[in-house]
Each structure stands twice: as C-alpha cells, then as structure tokens.
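The chain that follows stands alone, in the form predicted alone, written as structure tokens.
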C-alpha cells in the first residue's frame, strides 16, 4: 500500500500539498461555511471538557482487549491487548483534527435542517475523541450513530458520549462494517454528516463511499480521515474528489467532501486546500 512512514515521507506529502490551489472566494460554502466555523471554533474555552477527557485517557495504564478489523487484519478480526494511554496517543483524533471535525458539525447544524437534529454517522469510534469533537460542534444537539468493531472500544465511547452530551441521542453498533453499515444506512439514513475513520484501505474507502453515497442528505458533509496514510488511501481519495457530485477540501491529514445540488453540480472538480493562515 506504500504506507507513509517517517518525516521524509510526510515532508514529501507536504510539498505536494503546498502546490495545490487554495480555496478561493468563488467557492462560497468552503470560505463562509466550514472554514469560517473552523476559525470560530478554535477558542480554547470550547475544548475544556474534551481536553480533560483526553488527558485522563493519555495517562491511563488500563489494559483492554481490542478486536481490530482494520487494514491488514483477517476477516474475523485480530484480538489485541493494548494500554488505553498508548491507544489514545496513537489513534485518537488530536486537537487540529478536532477543529475541522467541530467546524464541519457546526456548518451542518447551522444549515436549514428544519426542526430536526444533525444526523451523524461515524465509522470507527476508537475511544470517542472524534465523536466528542463532532458533537461539540453541534452544541451537543445531534443524533449520533457510531459503528465500531471492538466491543471494548464501543463501550468506552458510549459511556463517554452519554456522560458528556446528555441532550444528544447516542447509539453504537458493534461488529465489522460489512455487517453493521448496511442495516444502519437502511434504518436510519439519510445522514447530514459522516466521518470515515475505521479502515485505512483505499479499497475499503471506495466501497464505503459506494454504500453511503445514496444515503446522504442534501449537501451532506463527509470527512475522510488519514487520506495520506498510504499511497493507496490517497489514490482512493483522489478518485472520490473526481466524482461529479461532490466538492472537496484537502486539509492535509483529512479530506472533506460536500455533496452538491443538481444546480451547481460540476462547478468545481479536483482538490483545493485551506487559506494559508488555516493550516491543519
């Protein structure tokens, strides 16, 4: 897959990313929507609860058994014994990613959704860091559905979210995505916001998009994590960016897709990145 390793690989990615065009005023929804909210949600005070939870996780020496269905794992998954603190350090969404997740949720919560709450789907919850950032952006007013392969991680995510966001509807489904994604899409969709962070494989990403795309609400946002995890992941991300029904924003470590309406379909193709002052 050509997995990204070491500083030299990341510097190479950075140089290529810097050559991409920056978002322009002509792409209104990126400048006034997600980008604007990203700047507004960067106040430290909004993150006190999140930082408190993350600090506790990072310092935890608790050992748990995690069932991993990720890339390079067998179909039945692989059971691993891990220390919570090490897992939080390695796999949880950090503050920079959190700003973009929160801003994406804020943009959707401010959209014309009538009386309904923002409906969020996350594939791969880990310890609930990304989910907490998404719900933070909705001011704790959302319907959240998380899919997680590991019962231990799903339990920790559910407990964390229900404790912190008592006014949101929280639902977790446990099992491999091949078994949980289809039923959730049929039963719960359409979704306003989707966060894909569960299987770092280009083939899996394209398969998930194929399944999820028909179940997206009008002008939904889809956030794809770790688009530069490997050459394989980035190739899949580029394939999604060429879809005629989406517009894209490349924030380096993550990519954002917005489904377009028929009136503006095809007005933009390819990748753009944020303005210079909003590095990821």
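Numbering follows the first chain given and starts at 1. Note that the structure is predicted; figures quoted are calculated from it, not measured.
Not on display, but discussed next: the form predicted together with a small molecule.
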Please pick, from 189, 85, 176, 140, the one residue with any non-hydrogen atom lying within 4.5 angstroms of the small molecule in the model of the complex. 176
In the model of the complex, the residue from 159, 80, 91, 152 that sits within 4.5 Å of the small molecule by heavy atoms: 91
Taking any heavy atom pair closer than or equal to 4.5 Å as contact, tell me whether residue 135 reaches the small molecule in the model of the complex. no
Answer with yes or no whether residue 126 is in contact with the small molecule in the model of the complex, where contact means some heavy atom within 4.5 Å. yes
According to a 4.5 angstroms non-hydrogen atom cut-off, is residue 130 in contact with the small molecule in the model of the complex? yes
Test of understanding: in the model of the complex, would residue 198 fall inside 4.5 Å of the small molecule by heavy atoms? yes
